[in-house]
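Below you will find one chain, with nothing else, as structure tokens; this is the form predicted on its own, and questions on how it binds or moves follow later.
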Amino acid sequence: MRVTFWGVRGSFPVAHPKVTRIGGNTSCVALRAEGAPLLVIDAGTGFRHLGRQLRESEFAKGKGEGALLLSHTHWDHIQGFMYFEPFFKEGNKFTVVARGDHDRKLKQIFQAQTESPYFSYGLDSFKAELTWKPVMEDEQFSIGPWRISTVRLNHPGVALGYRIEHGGRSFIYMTDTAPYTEQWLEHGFHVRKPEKDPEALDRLRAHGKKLDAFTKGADLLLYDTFFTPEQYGQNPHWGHSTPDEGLRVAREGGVKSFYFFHHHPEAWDDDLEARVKSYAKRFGSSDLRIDVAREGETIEM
């Protein structure tokens, strides 16, 4: 299993001299394995760059097969969707997977965002065959030899985390989630309002335990480290987390590698690298590697 980071930034893409080492494109991660279709998680602006790289592959010939797993459909996770070159090549086949608990069907969500006056062309411009697959949390399914599980994340609008297994290795994509400690995040706009009701607190604890169990024994956990602990203290209702919470989950679950991901737009390279180095010195060990997701980097698992 090979994991490549094509977009590592959160909220919006950043073009700035201080992000050149880690990258400024929004969320997109690709997984490849021998004999398996291309698997991509999220379609931020990094998705466009992945599409350009695939010019030298079977996708350029209209013989490619892949799947796109979406954590959710907030803009920073779909900004590259309409610019993905393999979608415009007849013969390519893709399965688009996202959470299905919506008032509209999954395809309709994308159609609405590409209609005039918001966009100059729509989904009917694609020549590839797209199959739309809605899923829910706690669901398990397969795409070729990939074995995929889902979990509910604590984010406005609700997001999905994915556990992907192949060849005895396991990779977890867990971004856009706040800890299940203070506030239950669901649909609509949220303000800071810590839960007081005992039943609501029990629900938070139950989902927190489910999230912890989801990571057990994973080889690599890619986690939302958008906030420092100080920033999270001011914005627990935004639906993002901290390195401290992610590392708690990783250590308790026996995770082998933990990667910072979904970086804050103004977390500059120097700051991020110093932060990761500090956490690695304090919490890293021979049993737990701590590192930062960098655009263009590939990890062999």
Partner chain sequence: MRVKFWGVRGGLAAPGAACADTGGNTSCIEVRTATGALLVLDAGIGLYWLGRSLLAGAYGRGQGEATIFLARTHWDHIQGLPFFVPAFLPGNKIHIHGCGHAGKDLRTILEGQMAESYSPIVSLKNMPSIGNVKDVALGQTLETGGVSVRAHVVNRGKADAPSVAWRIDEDGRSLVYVTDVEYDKGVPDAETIAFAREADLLVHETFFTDDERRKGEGGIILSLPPQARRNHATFGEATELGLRANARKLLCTHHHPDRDDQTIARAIEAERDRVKGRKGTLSVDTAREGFELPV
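Residue numbers count along the first chain shown, from 1. Model, not experiment: these values are computed from the prediction.
Missing here is the form predicted in complex with its partner chain; even so, the following discussion is about that form.
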Evaluate Asp270 for contact with its partner chain in the predicted bound form, applying a 4.5 angstroms cut-off between non-hydrogen atoms, and reply yes or no. no
Do Thr215 and its partner chain come within 4.5 Å of each other in the predicted bound form, heavy atoms counted? no
Counting only non-hydrogen atoms and a 4.5 angstroms cut-off, does Ile78 reach its partner chain in the predicted bound form? yes
Is Pro156 close enough to touch its partner chain in the predicted bound form, meaning at least one heavy atom pair within 4.5 Å? yes
Leu211, Gly296 and Ile299: each with a heavy atom within 4.5 Å of its partner chain in the predicted bound form? no
Looking at 68 to 76, 138 to 146, 167 to 175, 227 to 235, which one sits within 4.5 Å of its partner chain in the predicted bound form if you count heavy atoms only? 68 to 76
Could you list which residues of 121 to 155 come within 4.5 Å of its partner chain in the predicted bound form, counting heavy atoms only? Tyr121, Ser125
